[in-house]
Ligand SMILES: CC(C)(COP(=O)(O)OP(=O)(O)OC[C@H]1O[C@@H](n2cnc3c(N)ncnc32)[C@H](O)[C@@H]1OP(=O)(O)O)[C@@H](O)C(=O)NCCC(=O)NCCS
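The chain below stands alone and is given as structure tokens, in the form predicted alone.
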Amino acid sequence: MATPRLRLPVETARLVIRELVEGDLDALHAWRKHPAYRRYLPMPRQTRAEVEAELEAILRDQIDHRRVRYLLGVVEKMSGQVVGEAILKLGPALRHRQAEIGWAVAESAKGKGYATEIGKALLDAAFGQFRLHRVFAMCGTDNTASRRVMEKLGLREEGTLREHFRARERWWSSHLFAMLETEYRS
């Protein structure tokens, strides 16, 4: 049986969340190479070739009828520029009616409330289109901006995963936030 598909594009007041396309490579690489992008992410700096390979994998995933991971582009309506990414991971948690959401905003677009707008759109899709029971998000324990976004969205802190991930020569800890369908509906 095919996994339900996310209906795209998703529009908010100022943004369009859509599938990434080949033409997004330059924008994707530009914000991913910026030191601020990976400051709170346990991933190494990506070369243009690595970003291109990831984009190619994303483009292949877009046609998979069993798709459970959405890495999407976020376009600012006024400028038409790609200013971020939105992530919805259904994965094995789908059978338990759960998903993980995430976002990243280009350094040039920070401070405009876009991360909150992206998060709200992802919650609407998760609880509306997929009728999930629980949606969660995580951020590094030192990422106060992402933590504030989760709080603004109404996600509740469930705890801290201490040193649960090793990358870039160190252990990473994360805050775990979540929202239940009943909380979303009220």
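Residue numbers run from 1 along the displayed sequence. No experiment lies behind these values; they were computed from the predicted model shown.
Beyond what is shown, the protein has a form predicted together with the ligand; the following relates to that form.
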**Item:** Residue contact check: Met138 to the ligand in the model of the complex, 4.5 Å heavy atom
**Value:** yes
**Message:** in the model of the complex, is there a heavy atom of the ligand that lies within 4.5 Å of any heavy atom of Arg69, even though the partner is absent here?
**Reply:** no
**Request:** Would you check, heavy atoms only and a 4.5 Å threshold, whether Ala36 touches the ligand in the model of the complex?
**Result:** yes
**Asked** Within a 4.5 Å heavy atom cut-off, is Gln129 in contact with the ligand in the model of the complex?
**Response** no
**Request:** Quick one: find which of 157-165, 143-151, 121-129, 46-54 has residues within 4.5 Å of the ligand in the model of the complex by heavy atom distance.
**Result:** 143-151
**Request:** Could you run down 167-182 and flag each residue that has a heavy atom within 4.5 Å of the ligand in the model of the complex?
**Result:** none
